[in-house]
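In structure tokens, one chain follows: the form predicted alone.
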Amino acid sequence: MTYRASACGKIILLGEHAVVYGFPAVAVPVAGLRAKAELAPADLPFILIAPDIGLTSALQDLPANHPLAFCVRRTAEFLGTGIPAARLTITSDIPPASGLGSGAAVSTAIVRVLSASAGRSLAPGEISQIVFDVERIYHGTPSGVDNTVIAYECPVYFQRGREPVLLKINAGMHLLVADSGVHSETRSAVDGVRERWQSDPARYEDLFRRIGALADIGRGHLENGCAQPLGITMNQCHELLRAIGVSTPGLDRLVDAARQAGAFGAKLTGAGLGGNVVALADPQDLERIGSALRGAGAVAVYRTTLESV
């Protein structure tokens, strides 16, 4: 029998980088961008196939710290099952190294498909913990926000060391995600911020505190369905992210284009130094804003909607 599973991408609306230092963040799923995993029976040992990265390999031939191999082994360990004779094929719509949770989504899809094949239905919290273990390989010191929002697949208010709060939204929100075309390595961006924080802790802790405060304010606007005030909060957050050194002229150009075209707010999302920006807007303005983003250099623009719950 062949099993299939998928997992969404994610956007951090508010709280990047500060969340690594214990301050809150607000993150939401991107349902239209997904990683997919298919597990089919095979006569051979377990084979991993990931055409997007040119990988076809027996599991036994991959090193222990290979993220995909580690995810398979860690999931089997958690389930208490052996590694089946099977062929696992992984594909993804989510651009890698772009701040949209590509690695965590792939890991989540793998956990889901392996648990389904074992006749188990893991709780989102269990999936999140397995994926967090994989995230350590990708990012070194992950905050935990990516694996949380992707495993639960709903908006979350996240603070390290505390149970995530699943958010309910009173009115739908319409977002555009614009890809700058520049890959962003989370580990490099996080390490750079850490070095600057160590050199000037008072300044950076104040910036982190202010970013965390915006996450608290933005959470209320999101839950209440207040798009315009949320957009203002996003704009303020982007300026603080510029201050900690993770924006770039290209990202700023996209943010400015979205705002000038009528977005309620726009900011970089994820680690920065490339990757994506996110813009919040009225649905009737999305086409105009999308055109402005492409004109400002975006290589792709995605629409996503947060439905009211």
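Quick caveat, the model's predicted, so the values are computed rather than measured. For every residue, the number given is its place in the sequence shown, counted from 1.
In what follows, reference is made to the form predicted together with (R)-mevalonate (MEV), a form of this protein that is not presented.
Using a 4.5 angstroms threshold between heavy atoms, H139 counts as touching (R)-mevalonate (MEV) in the predicted complex. Among heavy atoms of V190, some come within 4.5 Å of (R)-mevalonate (MEV) in the predicted complex. Though the partner is left out of this view, G270 does reach within 4.5 Å of (R)-mevalonate (MEV) in the predicted complex, counting heavy atoms only. At least one heavy atom of I12 is located within 4.5 Å of (R)-mevalonate (MEV) in the predicted complex. Between 198 to 206, 85 to 93, 212 to 220, 145 to 153, the stretch whose residues reach within 4.5 angstroms of (R)-mevalonate (MEV) in the predicted complex through a non-hydrogen atom is 145 to 153.
Note on the partner interface in the predicted complex: the residue among V20, L286, A296, V301 having a heavy atom within 4.5 angstroms of (R)-mevalonate (MEV) is V20. Of the candidates T233, T186, T75, S180, T186 is the one whose heavy atoms come within 4.5 Å of (R)-mevalonate (MEV) in the predicted complex; the others do not.
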